[in-house]
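Only one chain comes next, encoded as structure tokens, the form predicted alone.
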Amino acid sequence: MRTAKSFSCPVEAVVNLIGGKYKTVILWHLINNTLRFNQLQKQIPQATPKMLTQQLRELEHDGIVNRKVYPVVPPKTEYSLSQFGLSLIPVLDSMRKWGVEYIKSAGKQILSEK
């Protein structure tokens, strides 16, 4: 986890943890799933491998994502939500619901709904 920091409001604390470019999308795909790096890359094709790796490392560092490395050749690494990460599911679900309503009101289309 990151070192203790002062926040001006609770929302700032949340944004500090999950406000990365692809972090919320990564977390959304890990709800009820354990995924390998390549599976995440297919789910989030707009993220470069470098950016996806960086975001996953930060989420792991903050205790939100578990990373399990299997000692096999070729290397196998799986990602899943930690217990702490699971506590974000209601937040992510609220964001999804808000996003659906926003997309409808803006006359846009949802490309894929999980």
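On a predicted model such as this, the values are computed, not experimentally measured, just so you know. Each residue number is its position in the shown sequence, starting from 1.
From this point on, the text means the form predicted together with the DNA, which you will not see here.
When the DNA is considered in the predicted complex, I89 lies well away from it, no heavy atom lying within 4.5 Å. In the predicted complex, the DNA lies within 4.5 Å of some heavy atom of F37. The closest heavy atom approach of R96 to the DNA in the predicted complex falls outside 4.5 Å. Using a 4.5 angstroms threshold between heavy atoms, K21 counts as touching the DNA in the predicted complex. Taking a 4.5 Å heavy atom cutoff to the DNA in the predicted complex, the contacting residues in 76 to 100 are K76, T77, Y79.
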